[in-house]
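One chain comes next, on its own, written out as structure tokens in the form predicted on its own.
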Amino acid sequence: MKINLWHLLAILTISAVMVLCGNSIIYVKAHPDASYVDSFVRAIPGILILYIFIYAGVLCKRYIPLQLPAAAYIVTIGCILSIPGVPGSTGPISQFMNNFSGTIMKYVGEVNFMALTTPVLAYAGLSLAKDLPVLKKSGWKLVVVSMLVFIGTYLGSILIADAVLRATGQI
């Protein structure tokens, strides 16, 4: 299903405003002397950069004839543009990429990760609600399997994090 690009712009704009509001609240909680308006305005360039990445990824999904999800294009574009130059190379292009990626990282760094996850989780919940009849058919077994998967993922993450922290001498 192809999404209407105007609808995408509207959804992205609403999401961006939600992220900016959440970002302001988180920033003011961490810095009580800061104002909501200043923190809101401060994150606008980072949100616009992310907005451009998302829109470019959706356009790539629409016009590149590969069967990849838009998220793959968005992540690829974001990673390529935030690489601080090619290692070992020198010259004007490498210098430009270093400055460009530094600027991107500076502005996107003003956007709190938790503020970005709130709309994503809201959309995931809405997506799940769309399939509610299928969930009702699956019954209680799906809940048990989901809980076991969550617990297994959580415990696996703990084991991996503990092993890495011990191997690097952090604990």
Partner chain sequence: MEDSLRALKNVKIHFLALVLTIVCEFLGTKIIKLPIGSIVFFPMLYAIVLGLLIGLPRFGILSLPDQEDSSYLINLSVMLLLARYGTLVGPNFFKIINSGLALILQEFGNLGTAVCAIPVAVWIGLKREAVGAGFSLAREGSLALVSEVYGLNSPEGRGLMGVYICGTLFGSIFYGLMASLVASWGIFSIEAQAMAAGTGSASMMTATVGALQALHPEKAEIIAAYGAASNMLTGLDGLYMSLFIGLPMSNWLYKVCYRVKYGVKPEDEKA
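Just so it is clear, the model here is predicted, and its values are computed rather than measured. Positions refer to the first chain, counted from 1. Between two forms, the rigid core is defined as the largest C-alpha subset superposing within 1.5 Å.
This next part talks about the form predicted in complex with its partner chain, which is not shown.
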item: The unique member of 30, 129, 41, 64 whose heavy atoms fall within 4.5 Å of its partner chain in the model of the complex; value: 129
item: Residue contact check: residue 124 to its partner chain in the model of the complex, 4.5 Å heavy atom; value: yes
item: Residue 116: touches its partner chain in the model of the complex, heavy atom cutoff 4.5 angstroms; value: yes
item: 4.5 Å heavy atom contact, residue 98 and its partner chain in the model of the complex; value: no
item: In the model of the complex, residue 146 touching its partner chain (heavy atom, 4.5 Å); value: yes
item: Core-superposed comparison between the shown form and the other one, residue 7 Cα displacement 2 Å or beyond; value: no
item: Post core alignment: residue 146 C-alpha displaced by 2 Å or more between the shown form and the other one; value: yes
item: Core-aligned C-alpha movement of residue 124 between the shown form and the other one reaching 2 Å; value: yes
